[in-house]
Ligand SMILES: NC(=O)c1ccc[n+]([C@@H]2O[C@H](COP(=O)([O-])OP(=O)(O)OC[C@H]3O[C@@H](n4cnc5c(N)ncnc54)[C@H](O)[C@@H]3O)[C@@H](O)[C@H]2O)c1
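One chain comes next, on its own, written as structure tokens: the form predicted on its own.
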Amino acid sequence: MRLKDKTAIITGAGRGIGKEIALTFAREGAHIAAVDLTLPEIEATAAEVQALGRRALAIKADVSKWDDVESMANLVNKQFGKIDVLVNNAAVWAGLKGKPFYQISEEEWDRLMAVNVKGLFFCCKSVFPFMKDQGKGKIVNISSAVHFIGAPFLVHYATSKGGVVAFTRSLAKELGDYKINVNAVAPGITMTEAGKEKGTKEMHEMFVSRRALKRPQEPEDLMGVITFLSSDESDFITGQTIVVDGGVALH
């Protein structure tokens, strides 16, 4: 029970990695605010959290809109009395099609940056006053291994995830005096519904062949490190990005 009685906000919690984080944290004793754009999905996540004996809130919010995010943080603090952990997992990924950089439209570029980078900024900004008053907090940002290895035909996505790493390092320096830890996790391509849609069977076999650990990456492969970075066990770790991709990007 490494997160016993902690309150955690998980963005993008309606499916995939975000949902797995919410359920893993609940098993570790945390109460969960599940945040996403699709209400039925986060209500389902919240119901599963409650079935594990934890309190849960389902909050429909667009992380790229400040009013939504500010209301989210205020509601969580009002309902739970504190915010211990924020996991910034929401991102544009499902349905994203690879294309040459010169075919990426301004609208596509701006949409990715609005969610993947500005949304991160908004969520951190919204929880900061509560974590500051508590004298402690944990922020975990989900980046991507593409930051370290490059991703042709996904330049907008790779750029946004590189921004997550830079943001993490800078914010960690800024929030250390408040005992707020800021770290990032960089997954490889993961076998969520969205991950399975990316490419052909042959492409996925190629991804596996490049790993030191030659098997597909599952959402549960990320849970140990995300839980660790959200727990008291990581109190002296901040500003770090941990790659969890089976040994492709080594740094």
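Source: prediction; values computed, not measured. In this text, residue numbers run from 1 along the sequence as written.
The same protein has a further form, the form predicted in complex with this ligand, not shown here; the description that follows concerns it.
Interface residue remark: residue 45 is not counted as part of the site for this ligand in the model of the complex, having no heavy atom within 4.5 Å.
This ligand in the model of the complex comes within 4.5 Å of no heavy atom belonging to residue 122.
Under a 4.5 angstroms non-hydrogen atom cutoff, this ligand in the model of the complex has residue 157 among its neighbouring residues. Interface residue remark: residue 39 is not counted as part of the site for this ligand in the model of the complex, having no heavy atom within 4.5 Å. Of the residues 139, 112, 142, 131, just one reaches this ligand in the model of the complex with a heavy atom at 4.5 Å or closer; this is 142. Out of the listed residues 189, 56, 182, 26, 189 is the one that sits within 4.5 Å of this ligand in the model of the complex by at least one heavy atom. Stretch-level contact check against this ligand in the model of the complex with heavy atoms at 4.5 Å: of 165-173, 131-139, 77-85, 91-99, the positive one is 91-99.
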